[in-house]
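Listed next as structure tokens is one chain, alone, in the form predicted on its own.
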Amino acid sequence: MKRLLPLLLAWALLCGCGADQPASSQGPAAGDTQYFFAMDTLMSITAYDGDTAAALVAAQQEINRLEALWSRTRPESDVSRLNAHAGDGTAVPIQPETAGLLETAAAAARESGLAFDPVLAPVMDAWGFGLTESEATAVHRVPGQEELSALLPLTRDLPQAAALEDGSYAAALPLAGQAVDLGGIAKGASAAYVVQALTAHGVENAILSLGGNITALGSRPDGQPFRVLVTDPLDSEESYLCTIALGGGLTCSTSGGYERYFTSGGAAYHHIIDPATGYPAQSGLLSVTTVAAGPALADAWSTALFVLGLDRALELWRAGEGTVAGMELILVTEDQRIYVTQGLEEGLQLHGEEAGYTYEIVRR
């Protein structure tokens, strides 16, 4: 879960955290903002033009509708019904939005070599990071190797979604005991639907903070790109690594082990599980920020690249083909090196030198 930490800072948003209006902003230029709780996190949407009142209501309704389809904890959701029939051969009817998200999640899983895995739920549950994202109700523990070895085979076969002859959709899970959890991609994916709801009410400029995934529609009222602050993973409550410019149509998503973790026996265990081992990823990275035109892919790949590590992330980015090649990245290593890909250089402001960070612009 990407946490929201309110900050009153003029024209700036917090990537991986959230957004607030500046304290000094008044009148139409400040926009109209709706705050609400959905998908187990605090969200905000600020619209600067159009019929903002109707647009914000429609946007929140769209989030609620998607949550009802994609939640693991709601018995009648598409995801819950799909999980209930895992391995029994049933083709479960699902909505087009769910079919599309399952297809996007499976594509990211295949391209990343399962570094992003939408059926990792049984392993996540074993660690206590699964059915609820609420730290107040989660029961964390370190599962044994024998237990993980029994669960890992359930994370290899992806859900299968198909269009039927009548134009409807259905999906199936091939193995008994499998479970889909779309929490690592659903918040990002919902941004595309929210943008549609906003533009349908005449909104051309808005900023969305959906569980820490920041999506820009258009620009600030002064015509400049929105500004996004990237959290310092070693001091996530107080400090920031850098500020980047976020152009219209782009989404910024951050994943890091600092976001959710527990300690046991003097060791810390974070929530980003490596599907290859069943244990928290030990890739040498503290956080990964992705900036992409596709909000769902930005969300999924921030997790996948954290699992894959620095060298593989930059290899994929430099390859010139595939999903990651079209993204921009901020990769933060455990020894406090920060790698920023060249597309983010314009408008980049650095904040972490005093905390011991060094920066490098990565070029193709």
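One rule holds for the numbers: they count along the sequence shown, beginning at 1. Just so it is clear, the model here is predicted, and its values are computed rather than measured.
One more form of this protein should be noted, the form predicted together with adenosine-5'-diphosphate, which is absent from this view; the next part is about it.
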{"query": "Contact label in the predicted complex: G278 to adenosine-5'-diphosphate, heavy atom within 4.5 Å", "finding": "no"}
{"query": "Non-hydrogen atom contact G183 with adenosine-5'-diphosphate in the predicted complex at 4.5 angstroms", "finding": "yes"}
{"query": "Interface membership of A59, adenosine-5'-diphosphate in the predicted complex, 4.5 Å heavy atom rule", "finding": "no"}
{"query": "Touches adenosine-5'-diphosphate in the predicted complex: R260 (any heavy atom, 4.5 Å)", "finding": "yes"}
{"query": "Residue (of L154, A115, L173, A216) lying close to adenosine-5'-diphosphate in the predicted complex, criterion heavy atoms within 4.5 Å", "finding": "A115"}
{"query": "L120, V230, A161, V195 - the one with a heavy atom within 4.5 Å of adenosine-5'-diphosphate in the predicted complex", "finding": "L120"}
{"query": "Segment assignment from 146 to 154, 184 to 192, 164 to 172, 239 to 247: heavy atom within 4.5 Å of adenosine-5'-diphosphate in the predicted complex", "finding": "184 to 192"}
{"query": "Residues in 255 to 287 with any heavy atom within 4.5 Å of adenosine-5'-diphosphate in the predicted complex", "finding": "S255, E259, R260, H271, I272, I273, P275"}
